[in-house]
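Just one chain follows, in the form predicted on its own, and it is written as structure tokens.
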């Protein structure tokens, strides 16, 4: 027990372990993630639905979403944004790792008579000969990737964008990093049974890496038959570092906002949204 606790509490090197795909491929966890997505008041997987509707309305207006516009929605989840863009008449492709979420998105498109297309795939491996007028990556997905994964994804975006296309995404800000606190806790059925439909105890440890503005939420799930861990890494950005990362990947940031509903940029906001184009 002592050795196991010592192992659980050890501070790993940044991105030493990476387990993100479990959130999208495990049958029980993906079911819970979809429930979060579809709960209008829930925030863990998608923002609350009032915010999403305001965000959709702003994106439609800002980017003139309609017939003739080609959109790729990366990390589309159950299609809340992608199908809304399809309803506006745009040609839309949604990409997501979760079989369950993609199935829901397709079902909704069929029910609404939409031509929205969906691909179940790790978006880091996605490629296409299509060129898109708008690429979206919403709810701070970029922050969950390692530096090398971010470079890979931004290179992909650069190749997939039309010459006058735009990229819209959001990230967590330095203000949000300052609000995170280190700590640990153990709880029976941590997160109300989110991690398994069988009995378990969950150990949560939050670790901050101040020099690189990264936070790790590490979950150790202990069951009678097995023990397993989830590593949830999140990058937080000062706006200057964000601009530099995009510049190094061949982009110029043309606009900043506080969020993807178009709120004016404020350094006190916990998120930063940006619009970028190819340099």
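Numbering follows the first chain given and starts at 1. Given the structure is predicted, the values throughout are model-derived calculations rather than measurements.
In what follows, reference is made to the form predicted together with a small molecule, a form of this protein that is not presented.
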- Task: Would you mind picking out the stretch of 71 to 79, 157 to 165, 191 to 199, 175 to 183 that comes within 4.5 angstroms of the small molecule in the predicted complex, counting non-hydrogen atoms?
- Result: 71 to 79
- Message: Is residue 118 part of the interface with the small molecule in the predicted complex - any heavy atom within 4.5 Å?
- Response: no
- Look up in the predicted complex whether residue 138 has a non-hydrogen atom within 4.5 angstroms of the small molecule, and give yes or no. yes
- Message: Check residue 18 for me: does it contact the small molecule in the predicted complex (non-hydrogen atoms, 4.5 angstroms)?
- Response: yes
- Query: So in the predicted complex, does any heavy atom of residue 37 sit within 4.5 Å of the small molecule?
  - Reply: yes
